[in-house]
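Only one chain is given next, in structure tokens, and it is the form predicted alone.
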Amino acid sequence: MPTGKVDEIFDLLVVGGGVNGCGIARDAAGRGLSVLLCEMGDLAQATSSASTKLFHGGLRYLEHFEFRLVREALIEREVLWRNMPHISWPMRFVLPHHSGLRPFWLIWLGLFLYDHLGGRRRTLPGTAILDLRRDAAGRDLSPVYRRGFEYSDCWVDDARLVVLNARDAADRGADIRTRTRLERAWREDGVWRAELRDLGAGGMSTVRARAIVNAAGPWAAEVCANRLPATVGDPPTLRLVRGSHIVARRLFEHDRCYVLQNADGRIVFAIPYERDFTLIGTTDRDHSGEISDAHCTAEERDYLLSVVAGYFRKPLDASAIVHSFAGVRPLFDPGEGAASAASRDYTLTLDADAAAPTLTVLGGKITTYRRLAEAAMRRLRRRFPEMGPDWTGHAPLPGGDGPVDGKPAGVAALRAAYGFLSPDWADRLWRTYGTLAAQVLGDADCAADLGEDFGGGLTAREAEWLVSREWARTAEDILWRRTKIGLHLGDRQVDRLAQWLQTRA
């Protein structure tokens, strides 16, 4: 890693290693700018690994007349899927209808608009009407649900999305520094001078940058208030909204998702998750207290369980929950009205100092991260007129250079080359690494060649890849962000991985 000598100078210092920060770093590096990204924790450690994990237009945002946001997200949905088919794939969503909802014809009209607002769909099928008395999707539902709808959106592994953006940025020359916090920055001689603290080793470094991007997510206001000079303007007003999820043993056998509309107007998704589980979420609660302490509260857990109980035949109680998580979404919103109604649109605020500008990213949703990065580059073009044109719309992320429907062939090719892989093991490797899976496995002729088996198909060979190529340092980094193998491991296996990482370090 670079030593951070004071004479280092970058075009762009990006603060924050979530989806927006890593997306901007990748975009800028691909345009020929020199980029340093600092993240005080792990990549995607906060909001960007705690989403509902969907590339979607946001069907419910139509109710709030956010047509531009929905249209942009729907157009972007297929662009993203095309560029990362290993970590994203289409999913059909079942929306049961009942008398407490809007009239059947009105929902159908909304779904028709959802199908067409983004223009011509090239690959995803449109809305269908379901007879839930005959369709397999109705078998697990209460018999009161007799008909419904089915429409298309896309699933994405959110944390891997962030890491792969960082990996591509680094491959294009960006310097990615995790566990590194911006202490303070000031303008000097027409550029920014910034002090960075290595939270692992404890050392300090000073770097210079021609511009700063504040993409610290829910910490963006704190960065403005405490780490940048007053000349960048007043700290932005953010509405911090907590979204919580629970993970339970699989509730149904098919691979479709349910859209559960609650009496309070909220939508809860029940999504097939990591083969053996169902992901249920999300909530919308205004968050107070430490952002890093966000967790699914007992109230939120019970709320999600009650929504599920209103739809499914099989009862679900707290004992069935195997995991939960929560993230804090920073919404650019005055705080009036329900949290669920707050806009998920993004705002870019430019402190247009001619010599050394600061761009602050506020709000946004995971589906529009790439478009947000392009918009950020447009705002900074005056400072960097030499930067290259937009390029990310047709550039796959690492491992995503196969066809969008290439998963079956990719898994089959892996098993043919590595005969010791079980179907589930090969499938997980493809869903994690795509066309790079063979590089992870290397020249292994048998499972023993991959080194120690920590459980869940995680071997020392794969763990070494994640440490050396994807900035993983702890067991949590590997088990919950680079992969979701933590769902399959016991405490002793987790401890053994932690010991291996400590020995390696």
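Residue indices: 1-based, along the sequence shown. What you see is a predicted model, and the numbers here were worked out from it, not measured in a lab.
Not pictured, yet referred to below: the form predicted in complex with a small molecule.
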- Task: From the candidate stretches 463-471, 476-484, 36-44, 444-452, select the single one in contact with the small molecule in the predicted bound form, where contact means a heavy atom within 4.5 Å.
- Result: 36-44
- Hey, with the small molecule in the predicted bound form, do 26, 85 and 370 all fall inside the 4.5 Å heavy atom range? no
- Which one, 296, 209, 257, 182, lies within 4.5 Å of the small molecule in the predicted bound form by heavy atoms? 182
- Note on the structure: The one residue among 272, 218, 398, 357 placing a heavy atom within 4.5 Å of the small molecule in the predicted bound form is 218
- Contact of residue 56 with the small molecule in the predicted bound form (heavy atom, 4.5 Å): yes
- Task: Answer for residue 366 alone: is it within 4.5 Å of the small molecule in the predicted bound form, judged on heavy atom distances?
- Result: yes
- Query: Any of the heavy atoms of residue 329 lying within 4.5 Å of the small molecule in the predicted bound form?
  - Reply: yes
- Message: I'd like to know if residue 50 sits close to the small molecule in the predicted bound form, meaning any non-hydrogen atom pair within 4.5 angstroms.
- Response: yes
